[in-house]
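Just so you know, structure 1 and structure 2 below are the same protein chain in two forms, each on its own as structure tokens.
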Structure 1
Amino acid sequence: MNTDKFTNVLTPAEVLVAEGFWKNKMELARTKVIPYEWEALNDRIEGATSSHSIMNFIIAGELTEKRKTGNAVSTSDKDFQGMVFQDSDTAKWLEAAANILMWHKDNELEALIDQVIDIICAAQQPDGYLNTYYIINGLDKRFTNLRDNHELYCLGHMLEAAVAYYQATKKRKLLDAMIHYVELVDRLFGPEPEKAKGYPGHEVIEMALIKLYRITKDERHVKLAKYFIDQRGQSPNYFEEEAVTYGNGTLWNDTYFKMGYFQAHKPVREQDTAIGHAVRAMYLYCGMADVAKETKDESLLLACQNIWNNITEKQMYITGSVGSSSTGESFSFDYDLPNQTAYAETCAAIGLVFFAQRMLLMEPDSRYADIMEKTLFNGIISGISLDGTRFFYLNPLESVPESCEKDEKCQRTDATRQKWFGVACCPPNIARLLSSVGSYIYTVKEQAVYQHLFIGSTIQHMINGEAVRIETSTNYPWDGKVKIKIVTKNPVEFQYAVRIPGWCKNYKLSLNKETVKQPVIEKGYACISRTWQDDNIIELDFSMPVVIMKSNSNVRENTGKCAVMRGPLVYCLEEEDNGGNLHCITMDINGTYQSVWEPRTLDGVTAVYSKGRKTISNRNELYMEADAEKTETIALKWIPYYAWANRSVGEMAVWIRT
């Protein structure tokens, strides 16, 4: 493996997002989402599904104290409530809050986090174990159902939170508690003959262990992550043996998934197709990429590349969403991308961004950054309302409210965002993504900087022995102008590589006001290698016309339909602007499409206007001759897909008949 390509990620603390679209989203996370979700975790949102996550930790702490002091634990003690993975909601909220502290000092928030950590750590067992489901329901059953009961998943998320809080504050209480828990897991599981051969049913601990390793430099953490990756899908299959030993039932063995639901149907290096539960899959692929990078494992990298290609070329929506089937919240099969029944879980899209970033760290290639950008702008932020207090679990590309209410196959799809969910993985996951957006803009190495995203931001970094500040200013995604300023006290030689988006067919690149006529392009990046002086300026101007898109003809759902994109944004029609019966509308792919900035629409968007035709149904017959109904020309208004369902309840469609 060519390690010369490797770059390193910057933490949210190292990147100041200063202006524009994503700064607004980060401030939304800080001022609205984090406070709202704290109330939800404490069951204080009127009309919302209860979380009980914080209460579970409080109850577990009380039981732990009783056990430590020798007091009897009676059946009258309070019960665990919620899903077996309820701890993870608090963990993701903690990580999001810690991310915010990296770029915004907030003594009140820090004090609240410390209180939460005290509550969590009070529940920890003497040997390090910390999972409220088993602490409350019976410690004798712990680690008896790795396949279904999410202990290692919850540990992984809490470990990620601990790492983030340590990076933000250098406080170690939660970090040390999680290291203690990891030591227990390391004693129990591994390749050694005396250890169990288990691995998580729901992945995430693998990439969490690599995050921990990058702080501790303890090789045991890489070794444990690698073990979980290597052991998955080996024969004899641990989950099948576990089910027999503990009587856990078959679960997905009676479906076509079988162990593929858990990505445990065969060893990971033999997998080349995304399969099973989409979030589990994405987290596994992230862990594989992390381990590949740290251990320089070519076979793991190849598996990651093959799976990436399958996802993005055959199983991904135009919005960057993945996981099309409600059966198992899963990948189904190549080119199966239904619109109205799309599962497209918000967490799965977030997992795809995690995966893209990890692939970029090993191989700076714009195909990864293109998907990362597409998913950030479309498949993820569609999952949260513009005011930060309502959420989509699923992100369909077509919505008919009456179908959501009355059609069984559409009933898991909401026409409106919800206050909270019984399975509330998505809201805190969005929070931790929004609060860390800065870490996705750049990757760096000793003598090179790669810019993947165009976000108004500033970084200060040591490059080739010199302190260099890089300032980006832009109004992206509403226009394609980007200005990058290099600030350095002394001249410094390095390569600056800036991504040319795959959606962009025409652009201008200039250096210090002089046009770069034939820039060196390496895997989608314009690379400028030179000795940089103070106040050197790179300017880009990406042409951003409206583009009409079609699917591969193998996507049956979209036959005879097209979609609208402008820059990185996917657009849709809403009933609010275009009336009902969107299925009766046809678009003119050769027509004129006009982009108009509308500051008062949906917190400020560039809307797109065009002409189309709509069939007018004024007949009573259910069936009639082909020319019986008439059409009329209508004006169409397209809005960014991420902003739908923020006004009145109504229909929405991305793909429109031509």
Structure 2
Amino acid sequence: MNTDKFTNVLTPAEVLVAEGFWKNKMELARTKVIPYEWEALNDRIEGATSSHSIMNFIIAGELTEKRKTGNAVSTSDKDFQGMVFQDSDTAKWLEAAANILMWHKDNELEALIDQVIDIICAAQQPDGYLNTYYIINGLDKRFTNLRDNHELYCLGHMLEAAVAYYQATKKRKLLDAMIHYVELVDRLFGPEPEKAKGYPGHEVIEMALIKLYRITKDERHVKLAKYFIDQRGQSPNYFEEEAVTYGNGTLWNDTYFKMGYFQAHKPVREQDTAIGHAVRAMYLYCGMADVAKETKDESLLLACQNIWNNITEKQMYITGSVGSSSTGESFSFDYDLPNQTAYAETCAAIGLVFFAQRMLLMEPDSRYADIMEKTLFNGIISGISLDGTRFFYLNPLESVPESCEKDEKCQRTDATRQKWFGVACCPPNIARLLSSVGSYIYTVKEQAVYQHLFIGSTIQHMINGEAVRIETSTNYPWDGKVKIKIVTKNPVEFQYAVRIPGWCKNYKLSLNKETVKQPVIEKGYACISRTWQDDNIIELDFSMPVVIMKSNSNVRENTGKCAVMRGPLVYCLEEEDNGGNLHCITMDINGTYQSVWEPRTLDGVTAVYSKGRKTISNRNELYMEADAEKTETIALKWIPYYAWANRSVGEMAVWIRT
């Protein structure tokens, strides 16, 4: 295994996002999303689906206190409410809030988090256990349904929150509590004969344990993560045995994916196709990549590469969304990418960004960063309204409001973003991603810096023994100019590798105002190895024309259709700009597409204008002899896909007939 290629993420303290598109999203997360979600977790949003997540911790804490003090627990105690994984909503909010403290000092928020941590820790059992569903409903049943009941999933998310808060504040209370819980899990599950052979029905703990390990350097943490990865899908199947032992009913056995729903149909190293519940799947693949890196496991890396290829070459929307089927919120099968009924869960797209970053850490290759960027700019931020208070769980690429209402196949899609959800995984997940987006810009190794994303930012990092600052300024994605300034007290030798986006066919690269005529390109990165002086400047100018895209001909849904992209952004047509019956519109792949920066449209976007044709119909018959279609030329206005459904309710489509 070529560990020379390995890079590392920067610590949160080393990156500061300073300006531009993503800084605005981060500020949205800080000023709107986090306060809004806090209200939601406490059930104070009028008309929103109840959460009860904080209340579950309070009730569990009271029960724990009563049990410790020997007071009888009466049946009049309040009930657990919400999904079996409701704890994870609080955990994800906590992680997002902790992320914010890494780049924005906020004593009030920190005090609130400390309060929440006190509430959480008060519920912890003496042996470390901490899951409100079982604390409230009966501890005797804990760990009897790993397949469905999300205990290890909730632990994983709380562990990630604990790590983030520790990184932000160095406060250890939640971290220590979670380590205590991890130790309990480590005593119960593992490869040793005396331990049970369980693993989570919903993955996430694997990557959480690696995050923990990177702080603690405690080998037990990586070992436990590796165990969960290695044991998954082994025969005899733990979930099947557990179901028999504890009489747990089955659900997914009646579907074609069966144990594949949990990615437990075979050992992970034998898996080469993304399958089953998409968020579960993505989190597993992240855990596999993490363990592969930490244990230098070639066979695991190979499985990750195979699965990556399957996803990105056969199962991914052009927006970077994955998991096309609402049945099981799942991957379906190769090239099955319906637009109107797309499940394309926000959380699954987030998982793809996590996976891309982890693959980049093992092999800097722009194909990972291209997808990471595509997904960030399209399939993820489509999940949140421009004002930060409405959310899509599903991100279809075509929407017809009448179908959302009347067509059962589309009824899980919404024509408008919602205030909150019964299963509220997506809103806090998007918050933790937006609040930490700076960590996806760079990865580094001893004498090299890789820049994957173009975000107005400053990093501070020790490179080759020297404290180097790197400042990026750009108006990306609205234009393709990027200026990178190196600030160093002493000259320092290292390689600066900057990604040339896959979408870009023409670019100019200059170093200190001189064009670099034949830059060295390695795996999609322009690599400049030299001794850097203070105030050295790299400039990139990515030509960013509108590009008309088509799909692989195997994608049934998109035959005869094209989509508009500009830079990393996928565009769409909305009824608001183009009238209804978008299916009657055709676009011209050889036409003129004009980009116009519109500061007052949708909080500021580059819109695209073109001419198209629309069928004129004045006939009432349902079927008639075909003749040359009567069409009229119409002006089309395209907006970035991520910004759809922020105005009037209406039709939307990404893929348009040619």
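Each residue is numbered by where it sits in the sequence of structure 1, with counting from 1. Note that the structure is a prediction, hence the values are computed from the model and not measured. If you superpose the two forms and keep the largest set of C-alpha atoms that fall within 1.5 Å, you have the rigid core.
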Pair member that is the form predicted together with another copy of the chain: 2
Using the rigid core as the reference frame, would you say Thr11 shifts its C-alpha by 2 Å or more between the two structures? yes
